[in-house]
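There is one chain below, alone, in structure tokens, taken in the form predicted on its own.
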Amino acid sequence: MKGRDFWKWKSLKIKLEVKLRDRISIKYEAIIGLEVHAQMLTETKIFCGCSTKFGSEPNTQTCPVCIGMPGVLPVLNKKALEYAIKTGLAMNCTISKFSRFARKNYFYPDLPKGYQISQYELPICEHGNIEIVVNGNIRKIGITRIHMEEDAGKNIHEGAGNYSFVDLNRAGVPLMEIVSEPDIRSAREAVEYMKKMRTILRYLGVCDGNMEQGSLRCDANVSVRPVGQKEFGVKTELKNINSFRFVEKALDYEIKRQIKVIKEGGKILQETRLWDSTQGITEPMRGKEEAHDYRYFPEPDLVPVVVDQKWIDEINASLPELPDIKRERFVSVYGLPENDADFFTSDKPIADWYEEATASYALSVSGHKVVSNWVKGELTRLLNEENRSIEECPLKPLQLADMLTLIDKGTISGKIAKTVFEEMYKTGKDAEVIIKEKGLVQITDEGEIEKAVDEIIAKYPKEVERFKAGEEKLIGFFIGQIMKATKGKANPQIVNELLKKKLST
């Protein structure tokens, strides 16, 4: 290599090394937008009278309308429209008084008509937001739109032979698609956003939020860009994400994958990728479609949706107390710590169970906290051991309240109460019944307790001498021995008082 050529090569090499070093040292941020499909809890489908019940035999909940037979006409389910408006109001959206359905054209075996009835340029709800808390910081995530659409059927690939089955029971089931702004900056934020959305939907009673059954599904649009850059990077769409854990794992993987591709000098392709939960990776599925690929046009078989302000106001007035407001009340009225309030208000059935129990028992702030401790502690532990939800709890809130009252009266001690509580949970019996059957009434007779105290003091003379010599922590040893001797039934306060009195003489 000649001298001049060498220096040209050297200069180019240095430039490339500088570019590579700069690329590696650049910090990137993720830009994430979520499209959440929520199945509405209507009894019938969005455009016909077929049932929406989950788990029925394949193709038993169909009719000419939902399987796309020629000559049939769809009719909008008013309850589905009401649920969409209710959701929009709860998520701070503007409700469109004039909206319209459109045909989204694509061909797939589980789409019987060859198009999906959805909403496009005129959705029912727009410009909302949801607040989430991540690492102690409040983040407001914008909602671009909420629109109504029908679900497709389901392809079933299991079975013998080189063929698949199509179940059209789900075709026509009413969905809301809730589209966020690209405001989410991490996988953790995405999970918190989805959890908050699920909580709101369950509070409203418009969706059960069951991700395993597919009634809450998520697609994610992900891109990365250098920190400080305004322009978005090329995005990929992730599909097939059916749990909060997989949402976080899939997004974390895709963000790292895109950064790695860019740092190595590659380009991100605009494509749809599937999350493979077994391998923990995303894989290419197809090129990402644009809106024009679907050839949207107004649905000719449905008139525009026109709603008046009076009905919107009526729906707004019917909204339940939403989680953020309930959380504030649990803190301000019940005096609960924020962690306790978060725990209860994250799921409406748990909040309802707690409120019924505390209304039957608590007369003070300390009482509300006592109920909270039992529900968060013992009750949640027992439910988790059997993988039960609070709706399946065999114990009634009033039963817990009655047991706590018995503790206050001195009928049982706090330690015995745990035994009673487990038996109540297992059998469904009331606390008083269990206490009588098992002879668990607390000993409060001072003479009887004094006799037990004297016996233990006489049994352990060396420990008595050590206590008197200054080892005051031995008081716990004596209390333990007395409680053991009385099978945990001695009143701890009386035991403590008598011990201190006798050991100090």
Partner chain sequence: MKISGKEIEHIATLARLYLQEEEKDLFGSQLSSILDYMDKLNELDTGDIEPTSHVLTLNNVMRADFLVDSIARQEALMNAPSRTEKFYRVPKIIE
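Numbering follows the first chain given and starts at 1. Model, not experiment: these values are computed from the prediction.
Keep in mind the form predicted together with its partner chain is missing from the figure; the text below concerns it.
- Its partner chain is not drawn, but in the model of the complex it has no heavy atom within 4.5 Å of residue 478.
- Using a 4.5 angstroms threshold between heavy atoms, residue 295 counts as touching its partner chain in the model of the complex.
- Within 4.5 Å of some heavy atom of its partner chain in the model of the complex lies at least one heavy atom of residue 63.
- Among residues of the shown chain, residue 461 is not one whose heavy atoms approach its partner chain to within 4.5 Å in the model of the complex.
- Stretch-level contact analysis of 401 to 409, 226 to 234, 133 to 141, 162 to 170 against its partner chain in the model of the complex, using heavy atoms and a 4.5 Å limit, identifies 162 to 170.
- This chain is displayed alone, yet in the model of the complex one of 109, 205, 337, 265 has a heavy atom within 4.5 Å of its partner chain; that residue is 109.
- With the partner omitted from this view, the residue of 452, 48, 440, 30 that lies near its partner chain in the model of the complex is 48 [heavy atom within 4.5 Å].
- Shown here without its partner chain, the chain has 304, 305, 306 in 304 to 339 lying with a heavy atom within 4.5 Å of that partner in the model of the complex.
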